[in-house]
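Single chain ahead, by itself, as structure tokens, in the form predicted on its own.
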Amino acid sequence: MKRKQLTTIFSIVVMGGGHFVNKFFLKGLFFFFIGLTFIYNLPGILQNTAGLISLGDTPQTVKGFDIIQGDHSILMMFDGVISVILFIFYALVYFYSIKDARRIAEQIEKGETILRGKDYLIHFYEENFPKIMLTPAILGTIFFTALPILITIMIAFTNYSAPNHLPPKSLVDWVGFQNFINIIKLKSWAGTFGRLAGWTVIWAVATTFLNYAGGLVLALLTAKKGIKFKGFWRSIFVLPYAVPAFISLLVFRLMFSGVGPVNNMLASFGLEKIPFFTDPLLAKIMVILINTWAGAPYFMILISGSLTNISSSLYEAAEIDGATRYEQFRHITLPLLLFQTAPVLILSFAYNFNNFGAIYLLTDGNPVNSSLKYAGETDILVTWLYKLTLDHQQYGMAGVISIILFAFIASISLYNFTRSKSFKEEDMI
């Protein structure tokens, strides 16, 4: 039997066995140790995987004054997912050990020189330096980003919600696509979701456009020839951005509340108080305008920097050709600014789509509307998610909305970004 075939058989039977056949004892011991840890952890992996499938069979019970704990479905889900990831890891190492042993056997059969010990480690380090450096970031992404997303997706397929399916008191069950069906078919859920989704799109588009337009106007005004003390004016305009946003938002909430200074001033002049945050339409207009106040200075700074990158020779050539100021702005300034700032503009849309702080701090989603399920008139989808989870424990439905939000934002952002000139013509500058 050839060495390569013998190595393959030993590697399949015992992890690291092929390396012992090839007399690579350190490598063989390394893979053998990993194989032993897999065998040691296998019962736990199988038990956790079974728990992931069942989500528990024993609910919490009460006997007299004693509470007898049962299965915790959500913890079992976490343990099950981590066990599956561990199993995949062991499987990858197992197949890699077979492949590596076969490669070594093939090199031995051909009489090639094989690096060993320190020389092999140096070669491995130099050959795989980028992968080694990226590994911590990849592991962090898996456990702190991908794993929560995966758990959220899985919760969307359960009945994890108050009052009857909240661990540890009671068990959670898999319900398939029932939550997705409910959010489409049940009138209360569908009506609320449709209305909030429409308002969220309007909110995101309006705030992104107004923030950009406001920043553009301020940047053009402060960059205009003949304006004195440009640094002073820019410092004044940037103050709303320099102050922590939550302080500005809370001040606006106090000023325009029913008993706030603005309404008191109107009353002192004999005028009627204005329901800034209690009228549904006016409350929506107010949150958009206040968010523009807080966000426009950011774009002013960004656009002011971008304006310096536009060559003055373009404007000189345009003036020689008889172009007006408006034509120069339309055909030179605006296209070049959009080219430079398009990725930030797209990210700003995604940020505003999920701008939890602005809505929560200004109105807390109010005014109340009894026809909306667990939501107010100014709630956007992300603040509705907050209420569904922390206030009303409707985790299953919140998981469905999270998936829809993620899919919408990711697809819109990716589509727009790949169609922007800064993506297609990245070598232009």
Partner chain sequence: MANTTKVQRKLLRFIENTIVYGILILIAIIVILPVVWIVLSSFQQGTSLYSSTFIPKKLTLVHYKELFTKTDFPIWYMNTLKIAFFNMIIGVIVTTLTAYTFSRYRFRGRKEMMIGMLILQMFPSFLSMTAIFVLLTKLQLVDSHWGLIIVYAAGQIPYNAWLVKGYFEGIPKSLDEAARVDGAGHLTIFWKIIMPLARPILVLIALTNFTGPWFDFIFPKLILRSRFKKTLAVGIFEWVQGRADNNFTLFAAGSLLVAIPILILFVFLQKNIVEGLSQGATKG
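Positions refer to the first chain, counted from 1. By rigid core we mean the largest C-alpha set that fits within 1.5 Å across both forms. Just so we're clear, the structure is a prediction, and the values are computed from it rather than from any experiment.
A second form of this protein, the form predicted together with the partner chain, is not displayed here; the remarks below concern that form.
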| task | Considering the partner chain in the predicted complex, find the one stretch among 177-185, 199-207, 87-95, 152-160 with heavy atoms no farther than 4.5 Å from it. | result | 152-160
| said: Counting only non-hydrogen atoms and a 4.5 Å threshold, tell me whether 79, 301 and 390 all contact the partner chain in the predicted complex. | reply: yes
| query | Closest heavy atom of residue 32 to the partner chain in the predicted complex, within 4.5 Å or not? | reply | no
| query | Looking at the partner-bound form in the predicted complex, is residue 330 within 4.5 Å of the partner chain by any heavy atom? | reply | no
| Distance check, residue 414 to the partner chain in the predicted complex, heavy atom within 4.5 Å | yes
| said: Check residue 55 for me: does it contact the partner chain in the predicted complex (non-hydrogen atoms, 4.5 angstroms)? | reply: no
| message | Just to confirm, with a 4.5 Å cut-off on non-hydrogen atoms, which of 194, 117, 335, 148 contacts the partner chain in the predicted complex? | response | 148
| remark: Residue within 4.5 Å of the partner chain in the predicted complex by heavy atom, from 164, 313, 324, 141, is 141
| request: Scan 226-262 and write down, in order along the chain, each residue with a heavy atom lying within 4.5 Å of the partner chain in the predicted complex. | output: 226, 227, 228, 233, 236, 237, 238, 239, 240, 241, 242, 243, 244, 246, 247, 250, 251, 252, 253, 254, 255, 257, 259, 260, 261, 262
| message | Given a core-based superposition, decide whether the C-alpha of residue 273 shifts by 2 Å or more between the shown form and the other one. | response | yes
